[in-house]
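Next up is one chain by itself, shown in structure tokens, the form predicted on its own.
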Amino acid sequence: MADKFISERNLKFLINEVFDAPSLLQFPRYSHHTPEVFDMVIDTAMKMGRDLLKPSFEEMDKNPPRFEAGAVKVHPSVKRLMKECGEGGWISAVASLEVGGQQLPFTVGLIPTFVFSAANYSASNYPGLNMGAAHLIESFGSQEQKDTYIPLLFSGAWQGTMALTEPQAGSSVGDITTTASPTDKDYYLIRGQKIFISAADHDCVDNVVNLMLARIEGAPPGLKGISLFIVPKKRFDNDGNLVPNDLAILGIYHKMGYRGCPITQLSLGDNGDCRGWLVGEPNRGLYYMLQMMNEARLVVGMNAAAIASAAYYACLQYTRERPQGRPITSKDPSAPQIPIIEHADIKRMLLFQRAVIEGSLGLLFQCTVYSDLMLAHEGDEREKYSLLLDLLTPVAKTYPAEMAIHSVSQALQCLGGYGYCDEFPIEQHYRDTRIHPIHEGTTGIQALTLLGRNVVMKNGKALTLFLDEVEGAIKKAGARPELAAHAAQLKKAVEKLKEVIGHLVGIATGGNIDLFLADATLFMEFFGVIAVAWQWLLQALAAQSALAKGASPSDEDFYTGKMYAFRYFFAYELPKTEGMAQRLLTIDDLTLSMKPDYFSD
């Protein structure tokens, strides 16, 4: 197994040289921290990743959770992980000071998620789920709910979950049938089933807190009638003792990857006494849950980039050590073989991986910066960063999720037959990362959100703000002779993006909404490549500035390698948008007019 799974140097380059995270310290919200704290977060997260998570990476895959006597048993290392993440403040890192958190900027607080996911994706989910659940209660729960649940979630003694999906509803959240019946007490009686719920039961915590969507009896149909409830596995009785809450685990799903974290099916209220506590106001549940889901979508993108990073470094080590073949121009069969990293096609596949991973990270950190600035401002500035974050969140989830599959596939390809065997870790990374286009809203749903909602919301205000950001970077790069051609190339792609959006919005204005959204997923891919190209231009500006100032030999190699990955993206990936645009500018109802019967044998 490769010793390295991420580039610490690249993380510090992004947060310090590209996004200037220390500048966030000027705002009162973050002023109690220092740049040294930011560095310490990275350094300590790296140590935990190496020492605590990575050693059980393969073992958790080979010995997945077991369902025995109605309960779930997981790898014993989870208990220590939850304890150390609680004691070390990792779960509460970005939470507000008012609830006992450290109030780190999200830009820094999300770095451990990336590190932990690269070291052991399955293990990283246990504390990650607690972060989301605790923040949801912090944002919308009553003071009593905050006092009851948040400290136990932060400590890692209890597990948090997000329970949305049902057997008959899937991604169609408005069709959920789990019901909540009012009582004359402070709780509702919950009845129904939930599926695909991560970590909703296991033996390494004392209790599980499910943040669950349900419909109060008599509520309006569809999305408007959904409420949010806290439904714990065990509840407190009148004497303060934990007792069962009529919540049964029907089983666990056996998965292709991501095997170290159990995915469960829940049955609620079989005996008529599953109690749930309403969070916030009735019928506002989906609005509340969207906060957790949007945060989770950035985390999913980070997870995908992290797994791709781990696969890349395993691949990089192998290609440096594996001798095979000779230079194409060599005529001497007795000459020593060369490491395969010397072959042009191997370098192409390595450059592709680096272009995907580091470009994805740029887009993700751009979103976290917008999140931090949104929380630090009020009024118009707050709205600006909120709109930019809303627009880009589905892209920052989807581009890494989809492209990590291709990136890990190229890592596996570099190893040839060995990559397909389980004695090397890349086949596990390949299986693990396949979940991400499905997790927290499928690619198709993210695409509908981007095109059908975000691009046109507030009469295109979010899109205008995004284009201003991109065009500002293009203007800066255009003033640098070494980047001017690339700036012009991205400017051309942005003009094509505007043309495509104008064409599609024209279809929608004409009343043909089905045709407007028919190729939303292709539009997502098109938009994603342009957004990542923008991020690569920002990274190239920072790298060129550093090279111009003079750098140590090791730093010079880093910045020069960064420029090669940038050039690769603009030479190999950005030109793909031309074909996408051609298709998106074509009025064709191919997928709409295709009838189900035509798929028959």
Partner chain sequence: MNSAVILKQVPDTEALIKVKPDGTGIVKEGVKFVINPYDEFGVEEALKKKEAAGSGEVTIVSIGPDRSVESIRTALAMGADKGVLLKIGEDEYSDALATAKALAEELKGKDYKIIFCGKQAIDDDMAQIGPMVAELMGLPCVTVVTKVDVSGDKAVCSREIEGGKEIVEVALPAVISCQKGLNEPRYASLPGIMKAKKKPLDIKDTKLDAPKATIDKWENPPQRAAGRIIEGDDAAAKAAALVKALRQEAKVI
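Given the structure is predicted, the values throughout are model-derived calculations rather than measurements. Numbering follows the first chain given and starts at 1.
There is another form of the same protein, the form predicted together with the partner chain; it is not shown, and what comes next is about it.
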| item | value |
| --- | --- |
| 4.5 angstroms heavy atom contact with the partner chain in the predicted complex for residue 547 | no |
| Contact flag, residue 300 vs the partner chain in the predicted complex, heavy atom cut 4.5 Å | no |
| Interface membership of residue 471, the partner chain in the predicted complex, 4.5 Å heavy atom rule | no |
| 4.5 angstroms heavy atom contact with the partner chain in the predicted complex for residue 563 | no |
| Heavy atom contact within 4.5 Å of the partner chain in the predicted complex, the stretch among 476-484, 203-211, 377-385, 101-109 | 101-109 |
| Heavy atom within 4.5 Å of the partner chain in the predicted complex - residue from 414, 136, 119, 93 | 93 |
| Stretch 10-45: residues contacting the partner chain in the predicted complex, 4.5 Å heavy atom cut-off | 32, 33, 34, 37, 40, 41, 43, 44 |
